[in-house]
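Single chain ahead, by itself, as structure tokens, in the form predicted alone.
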Amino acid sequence: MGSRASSLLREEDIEEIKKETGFSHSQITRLYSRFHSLDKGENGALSREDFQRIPELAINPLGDRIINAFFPEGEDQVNFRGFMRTLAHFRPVEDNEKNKDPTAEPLNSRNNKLLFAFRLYDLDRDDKISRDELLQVLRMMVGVNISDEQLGSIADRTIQEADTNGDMSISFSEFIKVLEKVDVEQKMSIRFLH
């Protein structure tokens, strides 16, 4: 099956994906093999159900939000290139040294990692995180371990600290400001084998 997977990936596709995502040739072929093994429909695309079979996502409280990040608005399938584009957000930043493209900000830049995280919270995609959205995500993360009153208090305090323009929500620029001292690189990187 591995040879079938690699034979379906053309060399020019690999080169384009390398340029767009920063992954190495061997990382791309290995991830293509993994993509192919997840593709239960054998149609060259992954569905949400394919992702839900990944044990690490199945047990992650934000698993559904992470899975949704792979799918463009209104789509219910993701092809290999879209899969790689999303995974590229999790490449360690130091990997950028090998693949410098001065014309484009790498998908795994600090800004793009933060935008990815922001979108996990921005459930209605209106470019701001409301109190209700923050509550929903907090509830996903802590389950029933904290009362609704305590969660509401956490959400209110978070918005109060982050909201600099007084609109009772958190914009992307406010989100960046709150996380300026957080090591996003360490928290949002996966070490992919070379």
Partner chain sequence: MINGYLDRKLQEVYSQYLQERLTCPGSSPGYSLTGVEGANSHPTAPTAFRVFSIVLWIMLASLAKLGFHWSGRIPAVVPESCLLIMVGLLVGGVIYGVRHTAPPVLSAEAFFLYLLPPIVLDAGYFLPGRLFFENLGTILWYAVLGTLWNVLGIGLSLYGLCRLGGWGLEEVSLLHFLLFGSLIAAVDPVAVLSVFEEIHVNEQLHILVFGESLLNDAVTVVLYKLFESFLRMPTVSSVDILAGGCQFVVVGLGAQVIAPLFVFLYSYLSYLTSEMLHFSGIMAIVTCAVTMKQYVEANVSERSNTTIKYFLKMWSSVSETLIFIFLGVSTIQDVHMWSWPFVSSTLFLCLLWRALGVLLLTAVVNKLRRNAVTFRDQFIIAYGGLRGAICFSLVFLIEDFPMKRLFITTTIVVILFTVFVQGMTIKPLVELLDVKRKKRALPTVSEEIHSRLLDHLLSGIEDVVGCWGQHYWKDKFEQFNTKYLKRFLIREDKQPKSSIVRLYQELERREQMGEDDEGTEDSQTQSRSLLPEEMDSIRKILSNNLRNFNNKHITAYSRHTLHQDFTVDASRKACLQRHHSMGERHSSNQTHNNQVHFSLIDTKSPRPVHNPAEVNLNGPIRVTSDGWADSSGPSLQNQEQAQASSTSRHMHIPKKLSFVLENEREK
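Residue numbers count along the first chain shown, from 1. Here the structure is a predicted model, which is why all the values come from computation and not from measurement.
Just so you know, the form predicted together with its partner chain exists too; it's not on screen, but the next bit is about it.
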| item | value |
| --- | --- |
| 4.5 Å heavy atom contact, residue 130 and its partner chain in the predicted bound form | yes |
| Contact of residue 43 with its partner chain in the predicted bound form (heavy atom, 4.5 Å) | no |
| Interface membership of residue 186, its partner chain in the predicted bound form, 4.5 Å heavy atom rule | yes |
| Contact test in the predicted bound form: residue 158 vs its partner chain, heavy atoms, 4.5 Å | yes |
| Residues in 27-63 with any heavy atom within 4.5 Å of its partner chain in the predicted bound form | 31, 34, 38, 48, 51, 54, 56, 57, 59, 60, 61, 62 |
